[in-house]
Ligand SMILES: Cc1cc2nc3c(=O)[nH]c(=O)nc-3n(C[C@H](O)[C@H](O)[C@H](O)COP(=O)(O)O)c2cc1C
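One chain is shown next in structure tokens, namely the form predicted on its own.
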């Protein structure tokens, strides 16, 4: 059976904690991740989490593996789990339909990125990777972050939904009686993992005592 490969793209919308918990969960589940970060995403990550990324993108892989896996970061198996690509790295596997990921999630997804995906703009690697998922009819999930939505936002989301894209607003539930921000983040990430068909224990399932 082919191993699951997920493309995780991060834009400049608010919601960096969702990205961090999702990447942690994917790596801990031994899912291979192709990571794409926009320039604005790096600013949001610093603003919301006080995480300062290395100056060079060449060091992002080592940084994230160390951040999440600690002493296991240097293991050969760990090294194979994560690849990081810059916004104009057009030779990366995610840029071609001949080597698509099993699924792609944009987490969080700005309305600008959503609009570009809906229009097929492909002006950067995030937009191109999403376009590949659409044309290859692969799973694409957009964790949208905006409030309120304009008519333009809603029209773009409806257009993408008709194409088979899963539009997943970052809307945590409260029936689990969350006790912390982490509980709210885990609720949303757990729903993403469910849609990716990846086992998760972040939250109990409804009806399970």
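Please read all numbers here as calculations on a predicted model, not as lab measurements. Residue numbers count along the first chain shown, from 1.
This protein has a second form, the form predicted in complex with this ligand, left out of what is shown; the following refers to that one.
Site residues 14, 40 and 43 are all in contact with this ligand in the predicted bound form, judged by any heavy atom within 4.5 Å.
For the options 95, 121, 134, 111, the residue carrying a heavy atom within 4.5 angstroms of this ligand in the predicted bound form is 111. Just one of 151, 180, 47, 56 comes within 4.5 Å of this ligand in the predicted bound form, counting any heavy atom, and that one is 47. Taking the partner from the other structure, this ligand in the predicted bound form has no heavy atom within 4.5 Å of any heavy atom of residue 155. At a distance threshold of 4.5 angstroms between non-hydrogen atoms, residue 66 is out of contact with this ligand in the predicted bound form. Comment: 141-149 is the region of 57-65, 141-149, 23-31, 158-166 lying near this ligand in the predicted bound form, near meaning a non-hydrogen atom within 4.5 Å.
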